[in-house]
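Structure 1 and structure 2 below are two forms of the same protein chain, each written out on its own as structure tokens.
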Structure 1
Amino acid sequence: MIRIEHIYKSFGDKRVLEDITSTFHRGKTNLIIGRSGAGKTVLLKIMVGLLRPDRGRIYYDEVDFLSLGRSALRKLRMQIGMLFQGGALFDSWTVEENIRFPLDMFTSMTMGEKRKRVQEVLEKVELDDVLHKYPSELSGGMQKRVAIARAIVMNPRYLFCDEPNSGLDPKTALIIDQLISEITRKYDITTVINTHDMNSVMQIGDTILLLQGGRIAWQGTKDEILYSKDETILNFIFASPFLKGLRERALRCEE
């Protein structure tokens, strides 16, 4: 479980986040949604310590994240996996070297054990025959999957994904969503996902936090959205008249 309390962040005069308080649960996929520029990436980066908030607190299962010393922080970070918007793979390393890197750096496994582990996570993301390829030789969706494989290779307890399915076709996006949600449940991970893909919201959104202009505009579960009367969230999720119509028809049918 991760809890954030009263997070504020500005860049110069520009206020990006204001008074964000929320809880992200273990074994659940917790979504942060919002329009482009709403501050999703900034919030995620604050939660993993890449940016420092101006004010506020962050707790990782009771551990006060912001007051950790350098070595304690590094130790905690070994339990964090993160998937970046662009994949963030080393172009000059092969897929195997990329995925193996955290193992090389932080474990004393033998080469055989490491190879086996890499193979395992590659199977999990349903990739084969890519071990010795370079990232540039893979499609966008495959790179994303390699990045997921790297994010989970250390068996993280916390997983952060910044727009895991931006730029992917709906089918691949769905596979990646399902994969993340499956891993989350199976290994009881606390997963936080940034997205503006409404399919994922309705597919895997165990909890949903809507950011608007740096403030929380709505929080709840995906079932609550369906029956919600809150215009903000409805307008966001069912932005198009077509979807709005579908929802109304669905609700009418249920009655």
Structure 2
Amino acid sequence: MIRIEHIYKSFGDKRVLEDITSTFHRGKTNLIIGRSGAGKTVLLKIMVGLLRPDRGRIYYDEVDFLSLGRSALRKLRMQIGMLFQGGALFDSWTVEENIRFPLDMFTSMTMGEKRKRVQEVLEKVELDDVLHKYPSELSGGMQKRVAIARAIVMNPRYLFCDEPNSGLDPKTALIIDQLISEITRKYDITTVINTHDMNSVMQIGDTILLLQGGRIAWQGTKDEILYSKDETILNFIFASPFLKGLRERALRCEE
């Protein structure tokens, strides 16, 4: 579980985040949504320590993240996996080298142990026979799976995903969503996803935090969205005809 309390962040005279308080639950896919400029990326960067808030607290379970010393912070960061937008794989490295990178950086495992671990996570993301391929030889969906494998190779307790469906076709995006959701549940990870994909919200959004102008406009579950009368969340989520139809069918079933 990750808990953030009264987070504020400004850049110069511009207030980007104002009084953000929320809880991200273990074993759940916790989504942060909002239009461009709403503060999603800044909040994600604050939560992983790439930016420091002007005010507020962050707790990883009961650990006060912002007060940790260098050694304790390094130890906690070894429990954090990060799936970057676009995958962020090293083009000149093989799949094995890309996935092995965190193990090379943060562990004293033998090469045999590292290779065994790489194979284990590749099996988790259902990839075979790609160890010695380069990212350019893989499809976009396969690259994203490799990036997921790298993000979980250290057995993280916390997983952050920045726009995991960016650049993917709808079918592949659904597969990636389901994969992240399955991994989250199976390994009891606290997963936080920054996304623009409203299909992801309604497919895998256990909890949803909607930011608007740097403030919390709404938070709840995907089931609560279907029956909500809050115009802010309804106008944001159900802009597409498909999702609008999904809500209308759900409401008719209740009648």
Partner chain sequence: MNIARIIEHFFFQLGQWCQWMWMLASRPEKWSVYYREAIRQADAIGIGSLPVVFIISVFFGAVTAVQFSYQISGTFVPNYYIGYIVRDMSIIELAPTFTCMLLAGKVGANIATEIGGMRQKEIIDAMEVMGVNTVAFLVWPRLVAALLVIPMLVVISAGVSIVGGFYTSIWGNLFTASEYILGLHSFFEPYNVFIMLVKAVVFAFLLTTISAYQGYFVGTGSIELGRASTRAVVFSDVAILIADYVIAVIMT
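Note that the coordinates shown come from a computational prediction; the quantities given were computed from them, not determined experimentally. C-alpha atoms forming the largest set that superposes within 1.5 Å between two forms make up the rigid core. For residue numbers, the reference is structure 1: its sequence is counted from 1.
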**Prompt:** Of these two, which one is the form predicted together with the partner chain?
**Reply:** 1
**Message:** Would Pro170 count as moving between structure 1 and structure 2, using a Cα shift of 2 angstroms or more after superposing the core as the test?
**Reply:** no
**Asked** Any CA movement of 2 Å or more for Met142 between structure 1 and structure 2, core superposed?
**Response** yes
